[in-house]
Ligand code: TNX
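We begin with a single chain expressed as structure tokens, specifically the form predicted alone.
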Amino acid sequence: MKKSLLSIAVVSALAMGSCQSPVPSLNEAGIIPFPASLEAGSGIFTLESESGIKVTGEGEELEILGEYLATKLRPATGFVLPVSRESGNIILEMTSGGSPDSYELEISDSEVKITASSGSGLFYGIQTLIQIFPVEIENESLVDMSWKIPQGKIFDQPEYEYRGSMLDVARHFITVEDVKHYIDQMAGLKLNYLHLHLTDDQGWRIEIKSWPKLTEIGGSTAVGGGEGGFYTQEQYKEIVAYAAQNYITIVPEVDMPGHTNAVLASYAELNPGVNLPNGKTDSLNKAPLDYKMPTTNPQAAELYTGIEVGFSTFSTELELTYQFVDDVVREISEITPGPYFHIGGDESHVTEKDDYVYFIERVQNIVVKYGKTNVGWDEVATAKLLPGSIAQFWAVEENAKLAKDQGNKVLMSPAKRAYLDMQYDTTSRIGQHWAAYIELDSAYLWNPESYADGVGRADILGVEAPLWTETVTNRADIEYLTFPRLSAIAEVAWTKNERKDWESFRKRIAQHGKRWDINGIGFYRSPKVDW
């Protein structure tokens, strides 16, 4: 009888074991962006209840990173995973030397070790480790399973210094909570810059204490006439701090001299009184613009809730304009520790060319005065750029080349590939298509260093994926347009072009789809992928 029970137990154990999913090789793990170097081993590492996280090296940052990793692993495993400097089989080691964002990850049968010379490097190694675990690790509640990962070695570092995304919080206001949610998703993809488009014709979204009507009036509405909103300076600082915890730097944008109707509706004394002729059409949207700016000063402009662009402008001859800009740049710079200030500069169609150049060149000096580096959309390169300024290429290749020829770097955001607000195809429920329909493969299959004639690898600072919000009203809309395309752009920005592979990406992004499902992220299920 005992022999029979023993036989049943052995058979049952074998049957249960056969039902367990095999541990995929490290080559098959769903790592996005794909690492610079990967060597698969033949065994496995098992995370167990006795496991812990050991931090070694200098700096309080290590304990913070250890706790960050522990909070990612604890809910689904149920393990305590203590963080200490004495023991643990998951090791985070801070060393000296090496490039700032690089890391090494080694998985053996007895331990996992992430080594880097910076906090950002360790943070990126942690993101990779989380992606190597089974997708069930994303659960916020206990999952009864064995936590095994494949052995192997990874050395990794990014191709581009700047890897970012942009949120347009001006057309439709995006809450602090939703911005933080977006930051969480960016962090998992090793993106390190969040560009906030804070102002536009339809809304002003950041408190400026010296010009309070900007938010009182200019922040009161949105595209379609819906409720507006704005960030107090304390809320903005909260976003900046949360981003920093995730090794992401905030880049604030105040778009000017065009896209300024919200300002002109707030302060009549800044209004140049430009009249837009009836029947004028916008060069991109080809939509009729029947909106008129007032013709008599000092009358304030009407609040604007449409989506057409190109009709508003600051007066470039008015000294008060530059006092206004100085105050705005000063107040935002004081609460923005990052190096960049974005001055916009796009689609200023009713600003005379000479006036536009004068304005851009003068505003650049204001930005530098407050210790920041200028960034502007590619049109700014038609002016004389200050050394170190950045031109963000989105539409006109010649402008990108003008920036390069002046000795300045280019940030690559081609609308036909990187604009997350473009529809996937004709059936997309929201989005626009003036630039292109951008399916997942289109967002992935391009090379920044060969995209624009005359702009090579040495001229490029990095890659950024903008999300404009004319058709975006809530988090669900953000997720639908952003994922999975932001993952594709993240790999374009991190991974060397020769290491990119569409067929590999298709398989890896399918694994991310399972993670998004667990996290309740409503992504677009591209027909290009077997989800």
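Since this is a predicted model, take the numbers as computed values, not measurements. Numbering starts at 1 and follows the sequence shown.
In what follows, reference is made to the form predicted together with the named molecule, a form of this protein that is not presented.
Proximity of H259, D421 and Q432 to the named molecule in the model of the complex is complete: all three residues have a non-hydrogen atom within 4.5 angstroms. For the candidate set F359, W377, F341, Y193, a heavy atom within 4.5 Å of the named molecule in the model of the complex is found for exactly one residue, namely W377. Shown without its partner, this chain lists W494, W468, F45, F483 as candidates; in the model of the complex, only W468 has a non-hydrogen atom within 4.5 angstroms of the named molecule. Heavy atoms within 4.5 Å of the named molecule in the model of the complex map, among the stretches 221-229, 134-142, 421-429, 118-126, onto 421-429 alone. Contact between R171 and the named molecule in the model of the complex is found at the 4.5 Å heavy atom cutoff. In the model of the complex, the named molecule sits beyond 4.5 Å of every heavy atom of V179. The named molecule is not shown here, but in the model of the complex it comes within 4.5 Å of a heavy atom of V309. With a 4.5 Å cutoff on heavy atoms, D346 counts as touching the named molecule in the model of the complex.
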